[in-house]
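Presented as C-alpha cells, the chain that follows is alone, the form predicted on its own.
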Amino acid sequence: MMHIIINILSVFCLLTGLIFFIGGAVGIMRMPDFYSRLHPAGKLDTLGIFTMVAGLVIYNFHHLSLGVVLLSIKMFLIVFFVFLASPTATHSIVDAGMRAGLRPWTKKKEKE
C-alpha cells in the first residue's frame, strides 16, 4: 500500500514539473520581447526543477536507507542552488540588456 502512495505522489510531482516546463516553454515562445520572455524562463523552469526533483526524491524512498537519505539531501541541495542561481542569472541578463540599450516592449496605441 505504501508503494502505491509513493508512486502516485512521485508521478503527480513529475507531471506537475512537466506542466511547469511546458508553461515556461510556451511563455518563452508567446511573450512579446526579451524581458518578458525571461520571466517564464526564470520562474517556471525553477518551479519545474523543484517539483521534478521532489518527485524523484519521493520515488527514491521506496528503499529507505542512509544512502537514499544522503542522495535525497544532495538532490535538494542542487534545487537550493538552482533557486539561488536562476533568479540571479535572470537579473544579470536583464541588467545586461538594459545596459546594451534594449528597450522594453510597450503596447502601441491603436489608431483611432
Partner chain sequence: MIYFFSCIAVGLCLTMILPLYRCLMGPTVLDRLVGVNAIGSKTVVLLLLIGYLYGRVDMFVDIALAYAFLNFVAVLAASRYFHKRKGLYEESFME
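Numbering follows the first chain given and starts at 1. Keep in mind the model is a prediction, meaning the values are calculated, not measured.
Here the subject shifts to the form predicted in complex with the partner chain, a form of this protein not shown in this document.
Of the heavy atoms in F81, some are within 4.5 Å of the partner chain in the predicted complex. Heavy atoms of V26 reach within 4.5 Å of the partner chain in the predicted complex, making it an interface residue. The partner chain in the predicted complex is approached by R37, whose closest heavy atom lies within 4.5 angstroms of it. Using a 4.5 angstroms threshold between heavy atoms, V69 stays clear of the partner chain in the predicted complex. Of the residues in 1-20, those that come within 4.5 Å of the partner chain in the predicted complex through at least one heavy atom are, in sequence order, N7, S10, V11, L14, L15, L18.
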